[in-house]
Every structure is written in structure tokens, then in C-alpha cells.
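Shown next as C-alpha cells: one chain only, the form predicted alone.
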Amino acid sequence: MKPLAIAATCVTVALMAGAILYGESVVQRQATNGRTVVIYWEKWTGDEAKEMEKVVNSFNKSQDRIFVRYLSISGVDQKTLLATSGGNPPDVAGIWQEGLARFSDMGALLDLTAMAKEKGLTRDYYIPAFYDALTYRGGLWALPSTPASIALHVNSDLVPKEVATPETFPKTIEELDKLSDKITKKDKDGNLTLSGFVPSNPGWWNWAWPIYFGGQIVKGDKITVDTPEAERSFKWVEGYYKRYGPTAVQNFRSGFANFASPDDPFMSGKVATEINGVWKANYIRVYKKGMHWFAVPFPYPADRKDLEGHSNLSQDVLSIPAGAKHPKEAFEFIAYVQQQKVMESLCKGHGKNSPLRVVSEEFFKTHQNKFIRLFDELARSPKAFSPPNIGIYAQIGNEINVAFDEVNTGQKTPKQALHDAQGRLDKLWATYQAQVLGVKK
């Protein structure tokens, strides 16, 4: 097994000791009627956890050789790394796709290629964009649990009637900007009371804005956040704060409630449009039943019609940590989740689209998201994109967020903010390459 590059993650000896103790206290493997016990750690809580618990119970009832013990674990990424370094990891870890490259670089995961091939779980079984995001440096490091596509959500009661349908809604970013300006309202003191659109809401995908304008943030083994496309996207961001006022925008956003509440800005009518994931329909159904809304692909720059239908994707995934006691049995459970009927039930329970190439008509007809076909189409689009597979993706996202905030508050020009972010990332990437990847320059 490839040694874990613990030094690169600044994990101390004390944390290592804690990992061993933590793993011993949580990874309990008492026999269950002679079955092999597979320990499964997952990040989900609430209804999402219950939906996966149904899958686990179904698997346990389907055979008498393996028993999956399912545990909801907060901070599952870091705790899985620590438990793996301590030699006592779970057999299955439900983590995020964005962390796979780092886990792989650290030798913390098993390559699933051979086991997946044996079960027929190859690229042609999945929507390509979802499968490809799980491959890195020649290995397959996870398989999907629940994926998602991202789109623009529109409150049809807050936009003019002539654009209040998916067919008539603006197709370009420039048209969206004009519509936003038309809708946006301020009170007599200059405070925003309604916004047509704001790039900072919800602010989860700032890394994607350069890509929505035709750029890349990683190209080959180079980090490329300071590019003409990125600068153009940040000038677009800058345009909103200049038109509405940086203080007004910040004060407006400071009043936004948690997205999982009826006071969420989209559901409470503070913003007319919002970029968000397929899961948004779940929250609308729970907190704002009867709301009139629809979803459309996020608009594209008027001079880049080739970007029409683009969408960023995300995934929750199932992986097997290096050193897992029962990898074969763990993969048998993962393969069970990949069955079409099982996967569709889980994804529907989470309010998400399926990662599988073949999807039943029943899935579409009974899904609680009335625009589920759109999200499925976006995932299949050749313009769909995922977070880049690179070990310092988290740092890239953080630095882009810093640059975004600097531009959105008028502290720096787009060019300066991106230039500074590029400089910091170049240093971080060089250190990571030397310490983790063993790249000598």
C-alpha cells in the first residue's frame, strides 16, 4: 500500500493517536449471525440518511453472508483519512467527489477498476460526465451514490409574464442581466428589497464562473485561474456590485436565512432567480409548497452560443479506504447500490437525478422534481463539467472565493484579484507536488 503523505496534510502525531482511538471506538465489527460485518461511514443526516438506511436494510435482507453496519459520521472526509492513517478505516466511506484526487494522492483509497469491470460497472453503464469525474491518474476511486446537476431556478411570480416560462426565459447572460436590473427593487434608503439575480447567492460555485464563460481553472497539470475568461466572468460579477452598490449587496445578503428554511431568499421572494442544484425542489416542496417556479439551463454569454446547455455537476460517492478489512464484501454492497432499481429509489429519495446511462420512465414520472428531465439532460450534455480532479481543489476553491469577495466588495479589480490568487495557488501547488506527488523540479 502506498504510504500516506500525512505531512502534507499537517496531521500531527496527536491527531494520529486520536484517529486510532476514534477508529477503534467507531469501527465495531462484532459478528452478526456469522456474517461478515462491513462498516459504512456516511456524511448524511436526517431524511437523506434515512433513504440510504433503507438501501442498507434492503441489502442486508437480500443475502445472508454480509451485514452492513451504517453509521452517520460528521466530518467524514477528515475522519476517514485519520482512521485510514491509523490502520483502522471503515470498509465503505461515503465522501464527496471533490476530494477523490487528494485521497488518491495520499494512497488513502483502493482502485476500484478491476472490481467494477468484473461487475459490468464500466463507463458505458453511466452518464459519462459522472463516471469520468471519478477517474484520476488511471484509477477509478469511487462509484456514485447520488449525483446532481445545477441549473437556474426562477420564481415565475416575480418575473414579467412574457418570460415566465422555460421556453421564453432569457437564454443569454446579457439578457439575464437586463432582466435582473428590471426586476431589482430598492427602498427609499437605497436598500435592496428584491433582486432579479445576484452572483453571490448562494455562493457555492464561485469556482465555476470562469468555466461558464468558456475558461478552465485547471488545464493539464497547470492551475489556470488567471485567464481572459476568468477575468471576463469576474468583470460580470463586478458589474452587479457596481450597479447595485457593494454595501447594498452585502447588507442584502446578510439578511438571507439558511437555505433549508422557509426564509431562504429564493423561497421567501427576496431573489427572483437563483443558481442551485436539482435538490432545491425538495426544499421548495417542504418549506414553500405551492410556489410557482421552473428551472432552465444557466444562460451563456451572447457571443458563446457553443456553451449553451452547460451545467456544473456534483456527486456524493462511495469509496473503499486503503486498509479496509473487507474490501471484496464492501464492493459487493457498492455494486448493489449501482443496480438501476436501487439507484433510482435512492436518488429519488434524495430529490436528485440518476447517474446511470439508462433511466426508467417511471423514475421521471414519479420524481418529486417536475423538471427532473432537464437535470438529466444537463448531465448528459457535452458541456457538463465537474470540479477538476486535482489534489488541492479545496485550496483552489478557497482562493477563487477570496478573489470573488475582493471583486464583489470593490477591494480589487478582477485582474488584480485573479493575479494574486494565481500567485498564491502556484506556490501551494508547487509545495503539494513536491511533498505529496514527489515531483522534483
Partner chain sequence: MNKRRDARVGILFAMPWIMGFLIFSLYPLLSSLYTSFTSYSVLQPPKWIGVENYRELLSDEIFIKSVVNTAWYTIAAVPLSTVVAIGLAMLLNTKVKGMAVYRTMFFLPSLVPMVALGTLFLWVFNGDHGLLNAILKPLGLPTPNWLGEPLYAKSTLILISMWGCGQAMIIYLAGLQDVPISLYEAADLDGAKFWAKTRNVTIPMISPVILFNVVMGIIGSMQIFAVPYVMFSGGSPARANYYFSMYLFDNAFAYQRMGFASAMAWIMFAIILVLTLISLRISERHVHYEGG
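Residue numbers count along the first chain shown, from 1. Here the structure is a predicted model, which means the values were calculated and not measured.
Although it is not shown, the form predicted in complex with the partner chain is what the next lines describe.
- Using a 4.5 Å cut-off to the partner chain in the predicted bound form, each of Q250, D405 and R424 places a heavy atom inside that distance.
- None of 350-358, 242-250, 148-156, 177-185 except one has non-hydrogen atoms within 4.5 angstroms of the partner chain in the predicted bound form; the exception is 242-250.
- Using a 4.5 angstroms threshold between heavy atoms, K270 counts as touching the partner chain in the predicted bound form.
- Taking the partner from the other structure, the partner chain in the predicted bound form has a heavy atom within 4.5 Å of a heavy atom of G255.
- Although the partner is absent here, M106 sits close enough that one of its heavy atoms falls within 4.5 Å of the partner chain in the predicted bound form.
- Using a 4.5 angstroms limit between non-hydrogen atoms, S62 is distant from the partner chain in the predicted bound form.
- Contact with the partner chain in the predicted bound form, judged by any heavy atom within 4.5 Å, is made by just one of S381, S386, T409, Q416: T409.
- Checked against the partner chain in the predicted bound form, the candidates Q78, T227, Q340, T135 yield a single residue with a heavy atom inside 4.5 Å, and that residue is Q78.
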